[in-house]
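This document opens with one chain alone, in structure tokens, the form predicted alone.
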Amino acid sequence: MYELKIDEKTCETCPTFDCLVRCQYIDIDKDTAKTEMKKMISGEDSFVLHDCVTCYACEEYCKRGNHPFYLITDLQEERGILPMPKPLKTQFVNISVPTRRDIIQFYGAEEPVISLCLFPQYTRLFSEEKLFEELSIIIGRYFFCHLMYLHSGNPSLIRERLPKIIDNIANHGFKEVIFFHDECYSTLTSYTTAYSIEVPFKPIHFNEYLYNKLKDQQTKIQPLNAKVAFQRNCSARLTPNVEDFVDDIFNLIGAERVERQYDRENALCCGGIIRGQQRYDLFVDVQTRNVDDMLNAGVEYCVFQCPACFDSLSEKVAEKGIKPIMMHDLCLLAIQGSDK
């Protein structure tokens, strides 16, 4: 029902084919990239489909709006190419099936409202802390975006379930919804646009909300005067336009985002999905290069936006003497004037 629209002409005339050439996990030159993209646009097999680690980066590298990553994942499913082992894929599918037995958790009934997706561990924080006490919360599988199925080789499940998920949110009558996780925000902006899925409310990125709240309480901020590395999660690649809020937040709270090799468009992923794909040598290499890069830059904190990235990389970071911390916790440090 929902089909990906690609402008073949603008793709074939691309002067760089950066979508593949800039990939940090597949070594590919421009001529080869052009050949392989033509194959995939025609629905043919390509080694790219087999070697892709599903890091989302090519979606950001493409400046012509042709959605190379969505094309890759659709073809992987069509050809039965599993990016991860079948048992893990099955677990992914079953873990978030909305059923009538689900308890839909809902705290408050007024806007502004934030969706915590499948992260109940943050409910207490968002109910009590100064920056978030005004927020109503929706949480649970009925509000889960399902975008993680881009990693597991069955993206059609996203398009099957997503319209109902959107309805589950829209039926509450919200005009705007803040999304805690990049994945949810990117689903309801980038992914829905690519497949022409209607969203009847305005998605707000958590960092936009956070930045505006910090501005309102700017007199309470005690600058951290700390050097930080920002760990971009994979779904942030789908909506790079909100990256400015990260820098704006850091500027407000006195956190210096240091220049380093693996940041911004050149960021390396946390490695969690690569480990799930059982590519253990690559997993170790990616995490080692990423953390060593932070260490060489002399950072005090590694700041995470995604709880899954935190789970995957925080221990490795801490082993090197760098403090792992979630973005909202770093902001609370500045507001509360706590010891770093």
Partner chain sequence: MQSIYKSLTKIVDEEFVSNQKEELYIYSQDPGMMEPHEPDFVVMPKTTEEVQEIVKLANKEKIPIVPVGGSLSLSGLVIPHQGGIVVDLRRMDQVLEVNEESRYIVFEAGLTTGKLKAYLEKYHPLLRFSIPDAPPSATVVGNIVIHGQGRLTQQYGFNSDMVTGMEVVLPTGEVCKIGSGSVSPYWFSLAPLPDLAGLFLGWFGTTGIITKMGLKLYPKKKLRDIEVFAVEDPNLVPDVIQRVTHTEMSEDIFTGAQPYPPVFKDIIMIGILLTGDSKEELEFKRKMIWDALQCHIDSKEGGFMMMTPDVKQDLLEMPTSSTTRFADVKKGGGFEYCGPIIPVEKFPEAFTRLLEITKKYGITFGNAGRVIGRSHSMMFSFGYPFNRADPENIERTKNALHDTNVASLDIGGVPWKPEVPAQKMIMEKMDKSTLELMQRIKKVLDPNGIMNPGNWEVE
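Numbering follows the first chain given and starts at 1. Fair warning: this is a prediction, and the values are worked out from it, not measured in the lab.
The discussion below concerns the form predicted together with its partner chain, not included here.
Asker: Quick check for you: of 40-48, 60-68, 311-319, 25-33, which stretch puts a non-hydrogen atom within 4.5 Å of its partner chain in the model of the complex?
Answerer: Looking at the other structure, the answer is 311-319.
Asker: Could you confirm whether residue 84 comes within 4.5 Å of its partner chain in the model of the complex, counting heavy atoms only?
Answerer: Residue 84: contacts its partner chain in the model of the complex.
Asker: I'd like to check something about residue 292: if you look in the model of the complex, is any of its heavy atoms closer than or equal to 4.5 Å to a heavy atom of its partner chain?
Answerer: Result no; residue 292 lies far from its partner chain in the model of the complex.
Asker: Residue-level question: is residue 92 within 4.5 Å of its partner chain in the model of the complex, judged on heavy atoms?
Answerer: The answer is yes: residue 92 has a heavy atom within 4.5 Å of its partner chain.
Asker: I'd like to check something about residue 170: if you look in the model of the complex, is any of its heavy atoms closer than or equal to 4.5 Å to a heavy atom of its partner chain?
Answerer: Close contact is absent here: in the model of the complex, residue 170 is far from its partner chain, nothing within 4.5 Å, heavy atoms only.
Asker: Can you pick out, from 204, 242, 88, 199, the residue that has a heavy atom within 4.5 Å of its partner chain in the model of the complex?
Answerer: By the 4.5 Å heavy-atom cutoff, the listed residue in contact is 88.
Asker: What are the residues of 254-276, in order along the chain, with a heavy atom within 4.5 Å of its partner chain in the model of the complex?
Answerer: The stretch touches the partner through 272, 273, 275, 276.
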